[in-house]
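The form predicted alone is given below as one chain in structure tokens.
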């Protein structure tokens, strides 16, 4: 239609010139995915601290060279020209790692942890990245999902998949307690409300014997269609780790959460959330219900955190208040800041870095919180938009 305006919610790697993107082939994106998968496999296989350090330095140098020679633009054009190529390659990378480490418990546990953290931080991204709601209690809602799984799995006959949904619903309902103070405050005061909740949640769980107190509580493993996820996978002569089904289920949750968040971002709902974040007064003048969209974002984010926390607790088979501290909330927040506030792909990249590097590079294990805080400060000073910044919404006129 002449003169009509089309909205295009750009994503990381989007190309400003559609004509040049259409000419790009899929080869650059496929080569990049293969290279990243090989690097991740080598990193997970490495045991020597010297070799891990060499891989870290080599990866940083390779990334810097790719940016300098413009290879990242070729990859961006390839992914932009083939809309679903990036999504398919990401899933293929996880499946490839599952095949490579089919009997390695530790590596598969890390992969499953990354995927579940991605789901939780995507929920935080809806709150902070889209709506501007600062939430320092993401780990608490993650823990609420875990304790819901522990209570329902140990004392009821609720099906495990329903327990996952109940974990999300419980986190969303408990989060409604914070809605009144969050809606009546803004900025730093709103952040203080969530900080207080995170500290109170840990203390409440420690003094409440019904939830196991400070010692924690056992969690029944996932059982699906008669398949006990706590047993190793045995199909004929094939033997795999019991973490394999957890990785598959975590991958399904991550894909679902990613698609949901991307759809929200590209819809009129995302436009309303952006208006709330950018200027509440201006948004209200244009008829946007500020309170409704804050409630929607806060509830949706807590639901995603609760669902991922429920599956995480089943995978661990044991949880305690020490698993969901205020420091863990800061880790979730640092992941979002490192990847890029509002960037879904940035969440995936930053989660892999924050989870895997300290676990494999044991030299920095005791100093990981210092390193996280230092990374956040460096990102704020030198790259405030994150590793993969969210592109500004683009509006283009159709012929």
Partner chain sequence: MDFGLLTQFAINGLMLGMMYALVAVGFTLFFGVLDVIVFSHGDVVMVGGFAGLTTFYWLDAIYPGLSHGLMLLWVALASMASMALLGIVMARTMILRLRSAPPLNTLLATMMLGTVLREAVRLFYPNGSNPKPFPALLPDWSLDMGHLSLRLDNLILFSLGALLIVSIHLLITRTRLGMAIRAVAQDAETARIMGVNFNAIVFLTFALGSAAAAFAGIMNGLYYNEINFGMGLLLGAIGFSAAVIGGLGNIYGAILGGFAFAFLQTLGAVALPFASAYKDVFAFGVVILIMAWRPTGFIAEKTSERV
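In this text the structure is predicted, and so the values were computed from the model without any measurement. Positions refer to the first chain, counted from 1.
The next section is about a form of this same protein that is not shown, the form predicted in complex with its partner chain.
Taking the partner from elsewhere, residue 229 is found to have every heavy atom lying beyond 4.5 Å of its partner chain in the model of the complex. The shortest heavy atom separation between residue 47 and its partner chain in the model of the complex exceeds 4.5 Å.
Not displayed here, its partner chain is kept clear of residue 74 by more than 4.5 Å at the level of heavy atoms in the model of the complex. Not displayed here, its partner chain is approached by residue 181 to within 4.5 Å at the level of heavy atoms in the model of the complex. Figure note: of the listed segments 103 to 111, 250 to 258, 172 to 180, 88 to 96, the one touching its partner chain in the model of the complex, with heavy atoms no more than 4.5 Å away, is 172 to 180. Of the candidates 191, 233, 165, 322, 191 is the one whose heavy atoms come within 4.5 Å of its partner chain in the model of the complex; the others do not. Of the residues 158, 316, 195, 217, just one reaches its partner chain in the model of the complex with a heavy atom at 4.5 Å or closer; this is 195. Contact with its partner chain in the model of the complex, defined as a heavy atom within 4.5 Å, is made by none of 26, 30 and 37.
Taking its partner chain as positioned in the model of the complex, the residues of 357 to 371 that bring a heavy atom within 4.5 Å of it are, in sequence order, 366, 367, 369, 370.
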